[in-house]
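In what follows, one protein chain appears twice in different forms, each by itself as structure tokens: structure 1 and structure 2.
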Structure 1
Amino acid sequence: MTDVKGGQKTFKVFRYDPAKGGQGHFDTFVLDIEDYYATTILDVLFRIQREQDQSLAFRYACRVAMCGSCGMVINGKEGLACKNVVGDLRTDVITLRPLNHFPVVKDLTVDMEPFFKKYEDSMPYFEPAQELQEPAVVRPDTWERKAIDMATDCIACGCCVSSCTMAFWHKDYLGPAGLNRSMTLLADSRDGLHDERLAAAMESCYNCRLEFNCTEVCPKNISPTRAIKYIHRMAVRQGPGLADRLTSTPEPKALPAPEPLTPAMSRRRFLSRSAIGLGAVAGVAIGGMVTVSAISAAFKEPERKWVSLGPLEKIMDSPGEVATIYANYQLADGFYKRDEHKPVLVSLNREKNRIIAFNSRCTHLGCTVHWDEKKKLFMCACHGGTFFPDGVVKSGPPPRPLERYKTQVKNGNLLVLEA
């Protein structure tokens, strides 16, 4: 129930030497780790490099999940080495390998040039529709601000492209990151390249097969799939006559805004509304090319469910003031499903027979928080943020307290409401 704080872990790390060539291989390293929950994968790589093999090559910069440099495949799933904590990985053997679909430079380092070339092809730059003497004002409560806010945190780490099978099969596919960037500009009423950008994006949007891999692995919790469906919906609304507009040179004018997409709108609801009453298949003629987008119809909002953490009596007998317990359940949103294995921090007040369950994700960057029994504080492994036992911020940069789960006791088991 409560994971061991530290111990021995085995790491299988992919190795490739360009001087020797070949297909590469895996080397095995064994480390004694004092605290699984205070040790990131990047910390592990530093230790391997310092203590066992100085030739190990990997890329990093900020160490706080902001630059995207340390993207790699960790236990078969793309992520940032600086954000993934050893304690969150359930296996005794942890496998590290470079991102997919990119040329390997050395070991865990890949050539990101193909990524940035596709990103450049997505027309990621802003071109104003009209020259203004004063800065344009976009209110925070407008539809476009809310739509764009969901996608502007991209750090160009390449994890989404690595996870996308279509990026392998379609060499001209702009990829999830590029299309996500296109969406942020297409939703901006100030943009002067709307039609050209929409035409370029739609040619790639056709290749998306709604696998949701990009959404699942994004370290910034962006949904590129949502952005792609947003572009589809925009094309359905504005597609008729677009080819004519591209071959003419009218004065720039604001195009009708698509239906607002708010941050609270779920993926399921978004996809159902994107059909716009046209059924499951919508045909859009763009620049002589017919794009067909299959969009599932009539979804219901997913229901949050109660997840058991185990017998309450056993939890209350856990050593220390805080127990780290894993919640295991399947998250379902439409046809997108994944198995969740989330650590929950359960604060135990035995005198008052009261418990508080905290989400273990830091409210700053979503890094994993762990409990330090000596300091009596919740601490973030990455950027040094700390929280008091009641979850209130002690020192920044976290902007708000730890999120609390709703709890209940049923049949002697402690349950938390799925987040």
Structure 2
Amino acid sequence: MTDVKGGQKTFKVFRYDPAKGGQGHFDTFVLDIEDYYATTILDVLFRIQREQDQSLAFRYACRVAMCGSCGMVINGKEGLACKNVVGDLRTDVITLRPLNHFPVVKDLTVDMEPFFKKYEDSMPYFEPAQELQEPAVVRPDTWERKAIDMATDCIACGCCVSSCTMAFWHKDYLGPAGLNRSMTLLADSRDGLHDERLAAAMESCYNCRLEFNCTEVCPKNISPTRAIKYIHRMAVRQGPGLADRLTSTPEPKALPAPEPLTPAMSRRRFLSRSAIGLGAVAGVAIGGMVTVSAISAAFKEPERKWVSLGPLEKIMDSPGEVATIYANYQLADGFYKRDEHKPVLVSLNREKNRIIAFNSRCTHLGCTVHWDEKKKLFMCACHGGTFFPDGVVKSGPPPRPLERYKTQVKNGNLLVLEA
């Protein structure tokens, strides 16, 4: 332990005067503090008000972290002024600022109306499912009670709502405190408004982006994030059919009246039926055509032709180890004749007077491979596959070596069998 118990501390306090308006500013106060660990931020505010500036406005009531009146942003983090001691704040200058997302009334005092509006929307009241003479007990060792846990301890201080950026970006978001309250009642088996409450929570509970800010700042160590995730999972289980349950509970639905067979009605029926029928016929026809054309190609052995790459001598004379020759031929593809203009990679072994002709289609996803003379590799630009001069994969995603063409020499011309 250091023997430094206290000393001088500087406080920057946000000031806003409604009579003057404007954006507000920070005032700096320097205080001599006897014992950092025996002085709360609320004590500091009292002293500033008493000793230096009587016009400083802030809110408090219980002074023991029970009422939730004194929430503010202390050194960039929401907290209760009466719970934070100066010793825990490790900066030379401590900044005090009103909560976010609430209109500032004066200095550190905010208007909590938006908070309670959202709180109200979350239906924070208990509605018994049964009329009972004695209070129903939820035993402490039940799963339900454990799920609710300390979540009922909320003192509505607004710290979590202030810390949550989603509470700002989504205006209808019930927010951490509201959903936390919702969860305590949703998990309660005695609750009579379960479906309504779940519907209200489901309207906006997916606005949570898992920032965990609310969990970090809550002075009662509640995790609204946990509560929101609990609601998400409950929504998965109970959400389907919720709308039906909500509309059908008040009274059993009246039987639908039998459809009158007026001429107009039957005409409409006829039209809709024939539309469906025609649609079905068209669907079958188109589907059949597509299937036949897709499958037939696989059964028909495509005619392959020998394609000339030009005089072999000329190819052998080209610089480098690999000659890239464009093959021009026509490919018959169904109704179409496609003109192919495709590079063929001819690897030249001059000593043995042998050649290998590679298909330039990458065996990964079919991009065109090119020969890199400096690296002595075939490379595919799409996903970085590389091949050795013999076509074997060096690296990258291709699963197989490069495909080789069948070759023959006719009248001094090099021919490859098209593929």
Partner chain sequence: MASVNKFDYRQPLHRGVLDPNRVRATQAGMWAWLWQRISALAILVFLVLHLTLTYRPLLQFCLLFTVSFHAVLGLRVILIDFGLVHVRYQKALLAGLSVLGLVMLAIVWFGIY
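For numbering, take structure 1's sequence and count from 1. Fair warning: this is a prediction, and the values are worked out from it, not measured in the lab. Between two forms, the rigid core is defined as the largest C-alpha subset superposing within 1.5 Å.
Visitor: Just one of these is the form predicted together with the partner chain; is it 1 or 2?
Guide: The chain shown second - structure 2 - is the form that fits the description.
Visitor: Fitting the rigid core first, would the Cα of residue 353 be found 2 Å or more away between the two structures?
Guide: It does, since the residue 353 C-alpha is displaced 2 Å or more between the two structures after the core fit.
Visitor: Determine, after fitting the two forms on their core, whether residue 401 shows a C-alpha shift of 2 Å or more between the two structures.
Guide: True for residue 401: a C-alpha shift of 2 Å or more.
Visitor: Relative to the superposed rigid core, does the CA atom of residue 321 travel 2 Å or more between the two structures?
Guide: Yes, residue 321 moves 2 Å or more.
Visitor: What does the CA of residue 312 shift by between the two structures after fitting on the core? Give it in Å to one decimal.
Guide: Superposing on the rigid core gives a C-alpha shift of 84.5 Å for residue 312.
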